[in-house]
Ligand code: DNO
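The chain below stands alone and is given as structure tokens, in the form predicted alone.
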């Protein structure tokens, strides 16, 4: 697999020079300065591509070319937005960039309640606590009917939290759930927004009445509309699984499990309609057998995110070591190197370590933690390559 790294543009504190030195081959990035729904000009794409190449690297994957909310819920301007999306796709193809990671998650790209959950070794990792998320939903967001989505045990924990939580605790949850994990990548909420909770409520309101069936129909409509451009310019669209792969905030979630993946791949059977195999997102659902999914969908996978999670009996989960957790990354590397070699791969959501927490890196995207993870995965890849070579002899 190609060793890639998510990089957030020229303002990223982690430079391309640093990445070249640690063995990165390809860059995963986007034109973050362009508002969602606007066309990506060919000149801007080429400028960034040439800048990346000046460091001896290549722009391997676009993550993301965002799908606007109106396309997802089927707003009156969705056809206009899809036409703009098609122009951006064609411009990327003209520039020689052919892999597009995107998601079809309503409102919230990914969710964690704690961005620095301590580990015994002194590092910290991302964590999702169901009770704290329920507290945010019921007592901060105050979503109508939210209590019906949680167990009595979880609601009892929420009541205990209510007795001791301070305004600072509530602010931390808002920052972690809807600001710090969203605002740095063309998110719906920016880090300097004055009233993020109010903005978030207004976004949720757009999905009233949108069922999973309707969201699937809208995803199929979008994919069918863009496939002619994908065919013309050899563009591989690879959807990111829902993170976490659970129903949250009353929103429809349609890329959470084997059945969901099978549906969208069969709904639009064009090979350009594919999957970003995010081992971390999929492993956060205890219902998912991650290696089995990799084996089943390797031929429709165009991009791989290698990370892993530990899932606890109550459904809470924590980002694990890249060699630990329930994703079984070693076996995933064997599967992809055998079934679909050459795929771009990036490590993901590594721990904060060796001062990462003081550097102001984007949530989940530390330098030292990801560098360690890349070294671990590089060793796994070398071992698997040797296995493959020896089996061929």
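Residue numbers count along the first chain shown, from 1. Keep in mind the model is a prediction, meaning the values are calculated, not measured.
The form predicted in complex with the ligand is left out here; the points below concern that form.
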Residue among 178, 71, 105, 304 with a heavy atom within 4.5 Å of the ligand in the model of the complex: 105
Contact residue in the model of the complex, chosen from 255, 158, 101, 230 - any heavy atom within 4.5 Å of the ligand: 101
Interface stretch in the model of the complex with the ligand - options 109 to 117, 203 to 211, 128 to 136, 75 to 83, non-hydrogen atom within 4.5 Å: 109 to 117
4.5 angstroms heavy atom contact with the ligand in the model of the complex for residue 64: yes
Residue contact check: residue 365 to the ligand in the model of the complex, 4.5 Å heavy atom: yes
Residue contact check: residue 3 to the ligand in the model of the complex, 4.5 Å heavy atom: no
Partner contact for residue 240 in the model of the complex: the ligand, 4.5 angstroms, heavy atom: yes
Residues of stretch 317 to 356 in contact with the ligand in the model of the complex (4.5 Å, non-hydrogen atom): 346, 348, 349
